[in-house]
Structure formats: structure tokens, C-alpha cells
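Here you get one chain, nothing else, as C-alpha cells; it is the form predicted on its own.
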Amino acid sequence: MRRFLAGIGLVTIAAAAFAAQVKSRGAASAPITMDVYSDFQCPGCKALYETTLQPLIQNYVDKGKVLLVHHEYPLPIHSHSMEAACYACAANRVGKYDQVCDVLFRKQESWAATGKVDETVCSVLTAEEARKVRALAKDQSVIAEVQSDIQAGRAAHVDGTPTVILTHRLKQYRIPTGAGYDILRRFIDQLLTN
């Protein structure tokens, strides 16, 4: 019996560790899940984040209608995107994912040109958080987390960024790149009424 309970404890610990790595916002019970595969150095991802995801978060995610799940999908053509993805995942582990995403997209042009990912990320962290994030960004578990997101993207046939996939009642809908907030809002409203 003790061995069985110890096994349950390990499963619980593993599940908790996985849950801590999932970069999501919203209610797990939301009727729609929105998976976003994104690259912090991609101009199209920046536009999606600023013009579509921000109002979507306010009007759907924070109201329990959509669960938003972020997946890191750094493209090899972007020289600093893998580093940015690792910093974002590391920031998630100290509860600062949203703040780091915001600064990476807001200052994308600057750090993409200079390579100063660390400086950009740490500008929104306390000294203690920055110390932890710097160490975690180089940790093998964080690198493996980014690789896991990339593998999930490949399994979902992601061939570029940004890629948005909505899931409602076990049916998936790939949203065309460039579909703005108004189109996405109308589609989500339609799904919610069905």
C-alpha cells in the first residue's frame, strides 16, 4: 500500500511540474481552447499579440470563455528567438510570463537588432527575479520545454508563425494568418452559440 501511495505522490508531483510549465491564461473549463504558436522575433507574432490577443484576453479569456495556451515556436531564421523563448519560459517559472511577453514584443525591433534579450527581459523583473530567470533560461529543463513546444507544433503541422488553432467540442479550426480581432471575435461568438 505504501508503495502505491508513493507512486501516486510521484504522479501528482509530475503533474504539478507539468502544470507549472504550461503557459496558459483563462479557465481550464472554458468551452474554447486557443493554442498560439509564436516566435518573439516574428513581426507577424508581434502584430497578433498587440492587436488581436490583447483584446481577446480582455473580452474572452478573462471572462472564462477561452483558454489561451502559448507555445514557443522559435524559427531558425531568427537569430535571437530561441534565447527569447527560453527567457520567457524561465520567466513563467517565477510568475512573470505575461510581463516578459509584453516587453519582448513591445521592444522587439531593438533587441532583435542588438541581441540584448537579457537586458530587455530583466528590465521588467526585480533583481532577485532577474537572477532566477537568468539561471533558469540556461537550465536544461527550460530548453527541453521549448523543444517540447516545437515538437507539439510540428505534430500540429505548424509551418510558420503565428499559428492559431481553436478547439471547440473536440473539433479544431486553424485560423488564417492575418485574421484580425474582428474576424476572430465573430468566429468565437459563432462557436459559443452552437
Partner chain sequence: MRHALLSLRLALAAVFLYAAYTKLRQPWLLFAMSIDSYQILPEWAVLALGRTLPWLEAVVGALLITGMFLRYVAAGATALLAAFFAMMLRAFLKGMGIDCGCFGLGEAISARTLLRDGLLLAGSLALTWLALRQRWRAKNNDDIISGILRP
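Not measured: the values here are computed from a predicted model. Positions refer to the first chain, counted from 1.
FYI, the form predicted together with the partner chain isn't displayed, but the following is about it.
- For a residue to qualify, one of its non-hydrogen atoms must sit within 4.5 Å of the partner chain in the model of the complex; none of 141, 151 and 154 qualifies.
- Among heavy atoms of residue 159, some come within 4.5 Å of the partner chain in the model of the complex.
- Not displayed here, the partner chain is kept clear of residue 22 by more than 4.5 Å at the level of heavy atoms in the model of the complex.
- Contacts between stretch 155-194 and the partner chain, counted in the model of the complex as any heavy atom lying within 4.5 Å, involve 159, 173, 174, 175, 176, 177, 178, 179, 180, 182, 183, 184, 186, 187, 190, listed in sequence order.
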